[in-house]
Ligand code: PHE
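We begin with a single chain expressed as structure tokens, specifically the form predicted on its own.
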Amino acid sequence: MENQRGSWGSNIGFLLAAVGSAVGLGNIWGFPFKMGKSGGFTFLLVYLFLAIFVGLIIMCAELALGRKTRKAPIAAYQAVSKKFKWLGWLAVLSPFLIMTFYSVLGGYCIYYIIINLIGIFGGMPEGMSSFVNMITSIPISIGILLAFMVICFFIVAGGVDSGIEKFNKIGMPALFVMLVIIIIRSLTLPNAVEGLKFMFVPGYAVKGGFIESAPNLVAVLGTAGGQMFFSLSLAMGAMITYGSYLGKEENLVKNSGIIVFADTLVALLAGVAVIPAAVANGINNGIPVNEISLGGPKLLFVTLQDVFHNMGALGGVFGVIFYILVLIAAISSAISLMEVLSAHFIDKAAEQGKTVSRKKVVMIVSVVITAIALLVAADGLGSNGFSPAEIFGSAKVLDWNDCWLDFFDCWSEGIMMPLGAMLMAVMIGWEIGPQLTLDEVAHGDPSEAFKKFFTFCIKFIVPVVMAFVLAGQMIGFFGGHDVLFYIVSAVILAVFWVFAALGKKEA
């Protein structure tokens, strides 16, 4: 029995897999609804800034760390850092927590493919298309969760090139084609232009009556930062793991740029597909614009399903296409998260001189994820009396603990991911120095301009921005005043730069 880590069959295979990891529910669902609740164009500007000055830098650093060490996140951090060698645990725990609710949302996509298929041929049972009916039916929620996890198991168990790469070579082109089809239909709906104005006209979210007042920049920064990391699969070990399978001949700077660009493009296209359709449907049904649902799972599974229902005979066809699109996006991201966890145990066995079956490891990972995800599925987004606040008797603070999905999202996307990204930047910029990463990047012969840009960003821009994002996320989840935001940001920066200075001195 061989214990091989695997490798990519080609660079295009890696790019499609990496883009697939980045392109997930964070694009198709998260980006539109977070853009909707954060004022449209303002959110877009902040997101683009973060993608260029933070996302690209962290993407390149994670790929370089993975390729240099040829290890999964925990072992990779231990190989390069004294002070932050424990940081890899955040990059493993985070994808585990994400998968506990991501798998449930993926199951929802399967359910909506089924009901739209039934709708095409008629005979839809009364109430079957109801979102509330789905999430309050524990057998249905568990059944579709298991179906999603079985699909992911077989893909990841197939290996890096024969499973993950092969799926994305088919899935990613199919996703783009289906996304274009949905965009064309969305933009041909009456009043769809109002949704485009909401997205791309500065201040229109307020002037058009969608929200009562201009969004708070602190809240937008926290939301956009969390969305960017979730969307790009950063600070969750995926790019370190995928980078560990890369050959030395591949250009990390170019590949990082392609991944960030493709992911941002899909996020924008998803916004164009979703927001105009939701706005048009609301206006055409006489709903006041400030009451049109542009947020939460209901945007994907209630508002858009209503859009397809109102399209008439062809609505079921467009519904099937759309939810297959969303399912592909969910699977492509989920398998990268499962690979992070699986690669850790495969590497650990190899370090101990043992052989291990990939299928056995992936099976154990899948079972453990499913065991926790069952609680999220049974909870039904807080509808069935299983929320953390109800189980532990804790007070509901904003929305962070009103259901298990929000609870796990708070700790993974809200805290662990921005914290991990900030610490990684401090580690590279101030403990081990940027040159270690640049030496690995140099195999792709980056320009001197990029080296200077990377060094400046990793030392100054990324830690400062991520401290703000982390503080914004914490205040967004737990509540607080704007003044507290700046205090928390300053404390976070001071503490971790002290750690970095001590680590550099000890080295």
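Computed from a predicted structure; not experimentally measured. Throughout, we count residues from 1 along the sequence that is shown.
From this point on, the text means the form predicted in complex with phenylalanine, which you will not see here.
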Does at least one non-hydrogen atom of Tyr102 fall within 4.5 angstroms of phenylalanine in the predicted complex?
yes
In the predicted complex, does Phe230 come within 4.5 Å of phenylalanine, counting heavy atoms only?
yes
Using 4.5 Å between non-hydrogen atoms, is Gly472 touching phenylalanine in the predicted complex?
no
So in the predicted complex, is phenylalanine close enough to Leu16 to count as touching (4.5 Å, heavy atoms)?
no
Partner absent here, but in the predicted complex, which of 425-433, 334-342, 133-141, 178-186 has residues with a heavy atom within 4.5 Å of phenylalanine?
334-342
Of Ile259, Ile292, Ala277, Ala238, which residue is found within 4.5 angstroms of phenylalanine in the predicted complex when only non-hydrogen atoms are counted?
Ala238
